[in-house]
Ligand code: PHB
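Before any questions on binding or motion, here is one chain by itself as structure tokens, the form predicted alone.
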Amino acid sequence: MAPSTLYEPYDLGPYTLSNRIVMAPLTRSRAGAGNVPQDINAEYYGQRATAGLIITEASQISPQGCGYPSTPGIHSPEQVKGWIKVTKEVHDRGGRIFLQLWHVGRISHPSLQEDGALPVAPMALQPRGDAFTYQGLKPFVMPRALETGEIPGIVGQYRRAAENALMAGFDGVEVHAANGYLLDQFLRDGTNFRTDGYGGSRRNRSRLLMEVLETVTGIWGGERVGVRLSPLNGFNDISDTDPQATFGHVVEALNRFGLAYLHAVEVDMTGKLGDTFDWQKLRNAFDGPYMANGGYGRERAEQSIDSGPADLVSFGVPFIANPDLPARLAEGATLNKADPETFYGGDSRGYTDYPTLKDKAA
């Protein structure tokens, strides 16, 4: 049997990736004061530079976009300086790295907002569940609905963040439009029934995402911008009455930007596969590379790459515990098990101390 093309180089926009294995965005909550990336973050990403592409943990585009403690931002000069350490470390080790641009919308809490402000959203709809704060879990609050005249300001936040990512030395950016955060809140009819030009029809609900992409690709070029979508993910109390039609429309609208890739989360946050959704139809609607995510192991990833529909496969939790994941998959080696107790916050334990195959052989 011929070796899988999963482990072969792949041309993505202006870059040649060393393989088709992508490190998915993984919130780890280990940024320093001011949500500034630290030396330990550079070490963590550098350890994983053998991925064909690293997509960073979600990074808030503004103070308003913050929804979790100790998550990095990309809106201050100090944060840019912190990210420069990360990109240099990854590039010194021969890797490629994109920054994920994030605005959480209503999935926040006044204690995480400047001056205790209410989180913003398409509608004044309070999500079910609890926010993670520095004081522990607190119930989500009723968000404030964005006024039509405020929307250009949101787009402006993405513009400045994209410019900052360029200054920080990233190879590209991924626009986070998944998992129940602000752009996803606008896309879905369960959280957006506005009556202005940003609500109602699928075209209107997609308008903010398209305006963000127009701005971000204007800075980066479409070939260095990806988008992440999660049509079936109900995380953060999000829903849509017809996700196949909604996201089919969104993906077709994306084609005019000539994007680097479409990153599709094919599961909900419990890991359940979306068997009721036609992923092949979604993939066929997109003209560029398709990156699959969700529940992929070695065999399924190889099959999806070799037989379709995926061009790239992103791995989340396996990359937490296996900094050398591409080598382990290629060799069929046993994977380290991740410790969920150390996923969020803390120090180097469960972050930079997982052994590689070379460590075990030494």
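Start at 1 with the first residue shown and count on from there. Everything numeric in this text was worked out from a predicted model, so none of it was measured.
Another form, the form predicted in complex with this ligand, is not on view; read the next lines as being about it.
By the 4.5 Å heavy atom rule, the three marked residues Trp102, His176 and Phe235 all count as contacting this ligand in the predicted bound form. Only one of 213-221, 177-185, 254-262, 153-161 places residue heavy atoms within 4.5 angstroms of this ligand in the predicted bound form, namely 177-185. Residue contact with this ligand in the predicted bound form: Met269 places a heavy atom within 4.5 Å of it. At the 4.5 Å threshold, heavy atoms of Tyr68 reach this ligand in the predicted bound form. In the predicted bound form, this ligand lies within 4.5 Å of some heavy atom of Tyr344.
For the chain shown alone, Thr27 is a contact residue for this ligand in the predicted bound form, at least one non-hydrogen atom being within 4.5 angstroms.
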